[in-house]
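So here's one chain in two forms, each on its own in structure tokens, numbered structure 1 and structure 2.
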Structure 1
């Protein structure tokens, strides 16, 4: 029984997602209080009515007590987690016991992140975001909510099944040669060709990457592109997965496709045939091992078409009206001039084969406008803060005055409606700058807010509404997209089956080591053995009790270590049942020198979840120097002596990143 609800301060539902069970529960409750003979009211109304007392009480508590609800727990272990972002109150509910408070809080933060990627700077204005999330037109509203619901379900599915979303780091396919070839191909053949084509309608491809399921095969960024931050990349992978779901995860293979995909045997990990006695104690991480993996013949290729059809996510998916229309996304861009969050891009998701996707990210022509708007928004936000603190903020605003005049003037002749902005700006100026006027006092605060709303409105017109006319396409032409697709398909044709299998099997293991996850937080990448394969019988890709057991342990361990990390503990070892778990977090400088353990902050229970999607917990400075953060999680059999376990851990920590130092990102 799950639910996620976004409400405005006036208890208006801005978005909801429920699973069928929750929906049924609400309908029952609402039905019970209705007189007979009446039809059930729309579900949206029911849920709004039922949640209204909590929402209103929450707002009251903030206003009058300066405190607000973080969570409720009931005796039957239903959990309600609440979090307010500006004017939006998020409520996440779980009644299954399969998510704890931290999971729900993470879901809330990820939802917020996805909304930011989809709506950009419109999220900075409460009233506009409210309108955007709750379009007047019910059909439009249904379509938008379905899209968001589907994204949330995709995320939930990945969070439950994909290790890279468990630890919030991108997983790469470990095949250095092919990776390098692909990157070269993307650069020399694909991106160059696209960017020199006349059919690109002013767009410029900045990033191109190939996904095999959720794993990254190759990633290329053009030279003038800024780095794509991990949280954005992860969000884009969620979106790509949402468009072209790959249901080959461990959990997905239902009993009905047992013949084609799953067996009943244990299929979690494989005890490596080559024992470490072959002379190389570090063989597991050495490249010879990797070759060995590659040499394993492909026994079976799962036809993902079958699974796609059975994927439940598909039923919710709203196909884009025109497949050639890209998805507008707002991503962080860091330039010499500074950091610009939420800059508009177009995202093209081109399916190569089921499970393999090419993603192109382009910069759109009027990108500069977004940067200007951001600069002004930031200026007004700063002014607001200064005024609120009782300072004078006039100096910065005087500098900006001329620029903003010009900016608004330049908008005039375009088809953007800039009159309201001009009016508010005129009013603002008369209050702020006119002699004898009120000047820069707190009275100006509502006008600052008004200006921000107007600027967000311009942003919305430019980048969110589909105002592009049919005769002047504003994106890569369908033909060009098709050519890109074909090019990469040709390149990877011989590899595709290998890649699909490879994406499920990566790394060999030490004896006694059941599983590990190693994360390089500075690059946002992770390495882990896949959880759904067996060494001896590759036809058994399905599930077994052991697989589920181990998977649950891994997921549980990540949650546990995060809760310790939240309280400042960077090393954790646990003897739990038959297993021995280890978690290590450490820092190195650019040259690989291990830094002394740092005092990590002790965070409150309701702090933003530790990870990358909601905020980058791991980015730290050490004496003014950027440091690299690493994490290692291991699961061993409990009977292995602790000394040996620690030796394994040490080897993994020091050697794991070596063989794969290919220029991937």
Structure 2
């Protein structure tokens, strides 16, 4: 019984996701109220009717009181969590007890993050974002919603089963020699060859990394590239897993089946033939069909109702995207000039073998235009704030006036969006700078909003729509992508089986230490023993019920420590039956010197969830210097003496992040 809904202030559904139980419950509820002989309403209409009173009451409270409820629980113990971002209201629901308020709030923030990565600065304009999330074309809307629903389901699966998404940090594959070789290969062979090719259509590879399932084997950034922040990298891993999910069957394959799953042979897929056309009715009846498999006639019985259902599904099925076409993503870029969020990149996800993927991130040619748009959007946002607070904002806008005039002129009259932008900017200047105009008062607020909408419209046209020439290449050619894929496959050919096994047995353990998770929040990376809960694979914790029991303990402990972090505690120790849990959060300066304990803020219950995907909770400054933040979580047997437990914790904290252990540092 789970649901996530995004709605506009007018109660229009912009996106929804439900699990089968919630969907069945809604259909039964509205099916029972239908008069006999009438068709059931479309599910989108039903869910809109269901949530309309909640949406309207929430918007009314904001208008009348300036505040609204953040969550509530119904009589049947359904939990509703609500959060409004600008003009979009997010509602997450759980009715089966699997999720609490913090889980639902985290799901809302992760959904918002994925929408920002997919739509960029268009998310800064409510009217434009509504159009993007709910296209008028029903097929396009179905394709978009299916993509977002699939991403949300992929995230949910990873958070329930993958430790890196539990703590929201990237897990590294520990093998120093191979990591060094791969990083050197990515730098000297792959990236240099791609960036020097004439088939790259003006794009430049900025980042290249290799994933083994969700673990990071090697990561390389070009010298002029910005650091890829943890929240963006985690989102990209979700997208890569969504495109090429790790198959449970492949993960459970034993060594004797390695040849059949190594990817050495071609992939063969069976596609059913379409149902017979009218012209074929003379040679085959509606319920019987003669098929040929390898030129051998096979007589097959097909139920007419089943065949009709299959044909209907074929009509409704959304065609998959072209694998050679990259995914446009919008990522944070930090340069010496400043911080630029949601800058456009192209993401190429190239499968090497099942479970091993190469990801390339390229900077597109007109990236400078996006940076300029963000500068002007930020300027108008600051002006809005100053005007609302009753302050004068004329000085900053006078400095920006000439630059914006040149920017609009450089767009040229051929750009469709430049004309309305010029008209709004002309009206803005006449009101703000003219002698007889109202000047910089609150009357200028609607025109600030109009300017932001027009700037976001320019961004949308340049980076979200196919506005270029059809004949002109706009991304790395398919041939160049194939060569990149082949290069990395040749490099890792002798390692692929080892890597798939290594991804499940990653760390050795101390005696009496059952499990640990160590996180360097400065780099957004974590190290932990593997947790495999299937009967076929054995991890450091064994297999099957034992590992499943420990997994539940780990997930519960992480949730417990977050609740204490929210209250301002940085150290937690507690006993739970036969187990002893420890959690430590501490800070070091850049030289590795441990700093005195800092006072952590006490956060309200409805604050953004602690982690990295919602916001960077762990970023701190200490007396003007940047500090590094670490977390360590351990589970020991309860019979181990306390002094031994603390000794293990100190050894883990000092040894795991030594640069010699892994060159990714």
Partner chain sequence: MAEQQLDLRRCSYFFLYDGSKVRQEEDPTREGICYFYPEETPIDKQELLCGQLAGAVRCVSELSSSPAHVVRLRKNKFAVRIKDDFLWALGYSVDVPTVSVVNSWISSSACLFLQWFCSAKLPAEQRDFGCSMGSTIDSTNVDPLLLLKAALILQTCQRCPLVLAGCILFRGRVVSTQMTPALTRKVMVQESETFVKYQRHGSASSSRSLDEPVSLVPVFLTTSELLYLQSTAADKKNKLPIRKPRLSRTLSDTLSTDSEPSDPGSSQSSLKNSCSPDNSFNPAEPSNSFLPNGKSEEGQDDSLYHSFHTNDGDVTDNSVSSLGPEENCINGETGGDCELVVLDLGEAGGGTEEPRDGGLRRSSDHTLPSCGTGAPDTQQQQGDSLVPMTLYLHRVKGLVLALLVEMRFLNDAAAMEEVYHSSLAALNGLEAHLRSVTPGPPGAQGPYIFAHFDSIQSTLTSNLSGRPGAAHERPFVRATSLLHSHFCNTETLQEAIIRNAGAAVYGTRSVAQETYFIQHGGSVRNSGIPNHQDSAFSLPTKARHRLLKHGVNLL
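Rigid core here is just the name for the largest C-alpha set that superposes within 1.5 Å across the two forms. Positions refer to the first chain, counted from 1. Predicted, not measured: the structure shown is a model, and the values here were computed from it.
Peer 1: Do you think the form predicted in complex with its partner chain is shown as structure 1, or as structure 2?
Peer 2: The form predicted in complex with its partner chain is shown as structure 1.
Peer 1: Superposing on the rigid core, is the Cα displacement of residue 642 between structures 1 and 2 2 Å or more?
Peer 2: Yes; that C-alpha moves by at least 2 Å between structures 1 and 2.
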